[in-house]
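Shown below, as structure tokens, is a lone chain in the form predicted alone; questions about how it binds or moves come after it.
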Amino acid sequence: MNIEKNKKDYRLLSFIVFAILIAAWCIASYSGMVSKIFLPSPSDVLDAIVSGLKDGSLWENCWVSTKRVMIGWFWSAAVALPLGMLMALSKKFTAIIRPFIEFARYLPVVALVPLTLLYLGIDEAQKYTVIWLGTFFQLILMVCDTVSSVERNQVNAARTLDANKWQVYLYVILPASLPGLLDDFRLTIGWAWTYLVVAEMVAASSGLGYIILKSQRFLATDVIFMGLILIGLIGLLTDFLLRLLSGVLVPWYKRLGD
């Protein structure tokens, strides 16, 4: 009963905060307190969305950006997961790869864009690589830390039962670390969306990041707000889907406050 009440209170509080933010936006824009150049009204942003939907450009830009984020992040996760697990379980491998990972994760992705253009040209692979660079080096360390947190007693118990190395990985380490790994994926897919504009800032002709940067030149802040809102909404949708996936794969796992 208390759990249901807490959920209702949480949703109500979230709705109230959201309503306050929208009301403040309406007051500031419609009253003329802030110029439309700096803060377009909600109706201006809605008009920009409707216009994009009518000519079909908005659907295309949303799809292109979503595809870039998903592919770039997928390859980041596909490489980081096995390497991060290996780092957690092998001190020799960690000694070899960790210094490079620690160094690379502090490099600003924006500074690497000229090199990606030089090496990969202006094709889609360059956009995927920018998003990969923005998420991989963080994710591999997060995977390593998550897998390292698995209780050693569980591993020792499996070895006592004569489980081989691959059985320990598959039936002990992976299930025990899966809830944390899914949380790591949720965090990094959010970062992937933040690197979208970086990926589309050079030599792009479509995408939400592209239309944001293009609109900047003409002070079309309504279109900029439209792009930002859509990136946020699609990002929330991907986060929601990963939360649903967590509920299916690890239904026994409950966070503090759930």
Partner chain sequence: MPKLKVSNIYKIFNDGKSNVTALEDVSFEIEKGEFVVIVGPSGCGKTTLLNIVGGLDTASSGTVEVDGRQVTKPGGDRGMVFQSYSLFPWLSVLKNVEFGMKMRHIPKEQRLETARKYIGLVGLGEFENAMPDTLSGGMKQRVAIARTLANSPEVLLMDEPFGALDAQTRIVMQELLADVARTTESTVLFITHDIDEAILLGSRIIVMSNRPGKILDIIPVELSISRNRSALTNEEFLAIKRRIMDLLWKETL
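Residue numbers count along the first chain shown, from 1. Given the structure is predicted, the values throughout are model-derived calculations rather than measurements.
There is another form of the same protein, the form predicted together with its partner chain; it is not shown, and what comes next is about it.
The closest heavy atom approach of residue 159 to its partner chain in the predicted bound form falls within 4.5 Å. Interface residue remark: residue 94 is not counted as part of the site for its partner chain in the predicted bound form, having no heavy atom within 4.5 Å.
Proximity of residue 148 to its partner chain in the predicted bound form: non-hydrogen atoms within 4.5 Å are absent; the residue sits far from the partner. Residue contact check for residue 172: one or more of its heavy atoms lie within 4.5 Å of its partner chain in the predicted bound form. Residues with any non-hydrogen atom within 4.5 angstroms of its partner chain in the predicted bound form fall in just one of 136-144, 159-167, 73-81, 101-109: 159-167. For the options 176, 187, 125, 86, the residue carrying a heavy atom within 4.5 angstroms of its partner chain in the predicted bound form is 176.
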